[in-house]
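The chain that follows stands alone, in the form predicted on its own, written as structure tokens.
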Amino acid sequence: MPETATTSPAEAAPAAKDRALRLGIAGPVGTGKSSLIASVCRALSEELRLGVITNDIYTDEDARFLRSAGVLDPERIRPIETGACPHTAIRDDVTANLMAAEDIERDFAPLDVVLIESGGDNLTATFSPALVDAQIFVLDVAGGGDVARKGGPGIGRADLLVVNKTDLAPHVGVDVEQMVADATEAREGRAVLALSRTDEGSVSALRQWVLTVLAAHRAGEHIPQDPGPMAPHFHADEDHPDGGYVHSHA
């Protein structure tokens, strides 16, 4: 009987540099993650082939927002309803997101970048390096000027920290320069970007950061970093005797 050639899964899967860059966007509720993705799509959709995956617990709200904004072909924006803590789907069991990324890359091959938006939660959210190649953590000035000093794995070690909605700073009494300085200190010099979707210069800087990471990814020079384990965190729950519960993902 003639021998049958076999291919191991490792040999069958493309090398990371030969597939789309997978870029995770995480951060607390309301910091502007979807708006940031819309800005990236507007800035790069004419020169790069993009896809988007959104995560919400019970809805497809973020996907519908992006589709209605007209930033991409609606079919290039895929929602996932996690049905559980947002951290679970981006770090503990990334199967649904990984399958969605592979599906969208196959359906629209070749893609350059797939943006994966986490469901909003708190300061502890981080992506598994098994899911994304690089990650952005988003804060906003409306959350308070001191939030950057509070730390956490996303603030400290994501590839890029964005201080978002800087145009609102005069209305909420936040000193953006001080917030950026605090963030830079908390990150030990890692990249920090002050961003407003109404400020062309900051959007251009975000665009250039994505292009730089993409170039390093294609060259095989970018190594996905793990920001580290998430701390125990609180979930509000009206049905719980204490109004909520603390749990970890250890």
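What you see is a predicted model, and the numbers here were worked out from it, not measured in a lab. All residue numbers are counted from 1 along the displayed sequence.
Keep in mind the form predicted together with a small molecule is missing from the figure; the text below concerns it.
For the chain shown alone, Asn164 is a contact residue for the small molecule in the predicted bound form, at least one non-hydrogen atom being within 4.5 angstroms. A residue is said to contact a partner when one of its heavy atoms sits within 4.5 Å of a partner heavy atom; Lys33 meets this definition for the small molecule in the predicted bound form.
The small molecule is not drawn, but in the predicted bound form it has no heavy atom within 4.5 Å of Arg49. Of the heavy atoms in Pro28, some are within 4.5 Å of the small molecule in the predicted bound form. Contact annotation: the small molecule lies within 4.5 Å of heavy atoms from the stretch 194-202 in the predicted bound form, the single such stretch among 218-226, 40-48, 178-186, 194-202. For the three marked residues, Cys85, Asp133 and Asp159, no heavy atom of any sits within 4.5 Å of the small molecule in the predicted bound form.
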